[in-house]
Ligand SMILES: Nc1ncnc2c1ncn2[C@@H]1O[C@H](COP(=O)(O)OP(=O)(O)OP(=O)(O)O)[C@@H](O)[C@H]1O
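Let's start with one chain on its own, the form predicted alone, as structure tokens.
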Amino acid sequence: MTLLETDGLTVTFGGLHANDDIDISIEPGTFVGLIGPNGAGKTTFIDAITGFVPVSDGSVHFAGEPITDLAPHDRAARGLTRTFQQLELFEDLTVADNLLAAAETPAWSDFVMDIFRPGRVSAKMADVVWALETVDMLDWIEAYPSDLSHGQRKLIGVARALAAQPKLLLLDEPAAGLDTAESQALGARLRGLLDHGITVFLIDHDMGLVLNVCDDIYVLDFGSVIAHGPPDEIRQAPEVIAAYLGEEAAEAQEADAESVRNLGGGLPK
């Protein structure tokens, strides 16, 4: 059974189609990537899948069931969890407590239990330990976010999503801000999630990372899928090359324009 499927998914903001008629299919036990230039609609797509923005048209199915109209927490409860580009850790909580905050579903009885059994160990602590072991960060379980490097904070963000024991983990730009070595190390750890029965959907602008770790890749540009296939095909797809070269050309043009502006004050009129 297909784990995640979208059929004609469209997200519209005013007259702008941020996502336009997107069809994707993710099978259990696979590592699937989504890449595209800046502004291609990648984050909007993951927001739509996880319920953080409404779908204007089309549908989302998870494990064979429709979830298009479900709230984000209901989707998460079914095993669809995600990370966010902006890593928001609770700075005054330890790494363990940061993960527990995401893994636990509060109940009314917790208040009573905390009164009569202060210091009790959460039933979810085993999940927290497993998540940290999976990303090789267990040694930092009692540390605070301020003790961690940027790359380590990224790993804690992944571990926090893992602590909820997902069936499918959606990663939104996990390599943002990492250098090449950190990105490669992150990719190796993420690939290892398949050994734990977790399917991964990786959204990133780092084409090298995605091409190296994914089995199957979708490419977005201007809100639409322009290519789909295994990494070797995506590397050579003319439409993919054009999309990325177009972005690079725009950046080069802006750099040239900035140089001209910087010199402008000294040029004769």
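All residue numbers are counted from 1 along the displayed sequence. What you see is a predicted model; the values in this text were computed from it and never measured.
There is also a form predicted in complex with the ligand; it is not shown, and the following applies to it.
Q: Run the contact test on 16, 44 and 85 with a 4.5 Å heavy atom cut-off to the ligand in the predicted complex and return yes or no.
A: Yes, because 16, 44 and 85 each have a heavy atom that approaches the ligand to within 4.5 Å in the predicted complex.
Q: For the interface check, one of 232 to 240, 60 to 68, 208 to 216, 31 to 39 should have non-hydrogen atoms within 4.5 Å of the ligand in the predicted complex; which one?
A: The contacting stretch here is 31 to 39.
Q: I'd like to know whether residue 127 contacts the ligand in the predicted complex, with contact meaning heavy atoms within 4.5 angstroms.
A: So residue 127 does not count as contacting the ligand.
Q: Using a 4.5 Å cut-off on heavy atoms, what residues in 166 to 198 are near the ligand in the predicted complex?
A: Residue within 4.5 Å: 173, and no other.
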